[in-house]
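One chain is shown next in structure tokens, namely the form predicted alone.
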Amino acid sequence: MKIGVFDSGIGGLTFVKELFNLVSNVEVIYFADSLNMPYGNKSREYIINRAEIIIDFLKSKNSELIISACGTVSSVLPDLQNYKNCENIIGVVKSSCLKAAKITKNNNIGVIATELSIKEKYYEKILLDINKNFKVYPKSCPKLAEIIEHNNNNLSNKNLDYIQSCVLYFAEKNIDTLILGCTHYPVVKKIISQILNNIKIIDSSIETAKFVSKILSKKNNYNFNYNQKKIEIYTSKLTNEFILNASNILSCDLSENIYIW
């Protein structure tokens, strides 16, 4: 089955990695809008426009299912004009919120995400729709996605200090569960876990991959016995750094699989 996946950069590949771990037969068409990343500091109108352009591209590649593997885009998916309420386009917000709601013990849930995601309050809306007694503590980290995009294999002390300054916000909030609201963030999940060592971390890439695998299991044309995983990557800005960092996430050489668009 052919699945389209998109993000502002390499972050959505953390979702692809988890999906490849769960399913045996899938072809991914991935789009990274690297020329325009980060998305978190852009306007909602700009993000909606870019999302629709990219979805059009992925549909032209015959994608049967499209995943917005971007927390920022997923926060504005309900406002897409051309694809409003389209069942074949899935974001990363709801599955993460459902998991957090299931495992929290004290009803205090943190969300770490991009500036626009936090401004949209979509994570809060979904969580409070599940349980109005939840207390949601959102925190934007405007620079984190871009730091990971360019330095995911070699974080400087300055970058580590920035991560700590973002995460320590939750230390006094009595949360027991933290949602990583950007698919870039799983790259530094171990670092976040070490800072907040008693807090359950919800990885949006893992939860969305589980959700998509369940969808595939219900499709009549999905062949579980056929073992083939393919990926084609398109990007609006192709650099050696992008190839290296993308390859690091999927733990394989992607230099022959990446194309400029």
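Note that residue numbering begins at 1 and tracks the sequence as displayed. Here the structure is a predicted model, which means the values were calculated and not measured.
Same protein, other form: the form predicted together with D-glutamic acid, not shown, and the subject of what follows.
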{"property": "Proximity of Phe31 to D-glutamic acid in the predicted bound form, heavy atoms at 4.5 Å", "result": "no"}
{"property": "Non-hydrogen atom contact Ile179 with D-glutamic acid in the predicted bound form at 4.5 angstroms", "result": "no"}
{"property": "Close approach of Ala145 to D-glutamic acid in the predicted bound form, 4.5 Å, heavy atom", "result": "yes"}
{"property": "Partner proximity in the predicted bound form: Met37 to D-glutamic acid, non-hydrogen atom cutoff 4.5 Å", "result": "yes"}
{"property": "Location of D-glutamic acid contact in the predicted bound form, chosen stretch of 209-217, 194-202, 48-56, 65-73 [non-hydrogen atom, 4.5 Å]", "result": "65-73"}
{"property": "Within 183-214, the residues that have a heavy atom no more than 4.5 Å from D-glutamic acid in the predicted bound form", "result": "Thr183, His184"}
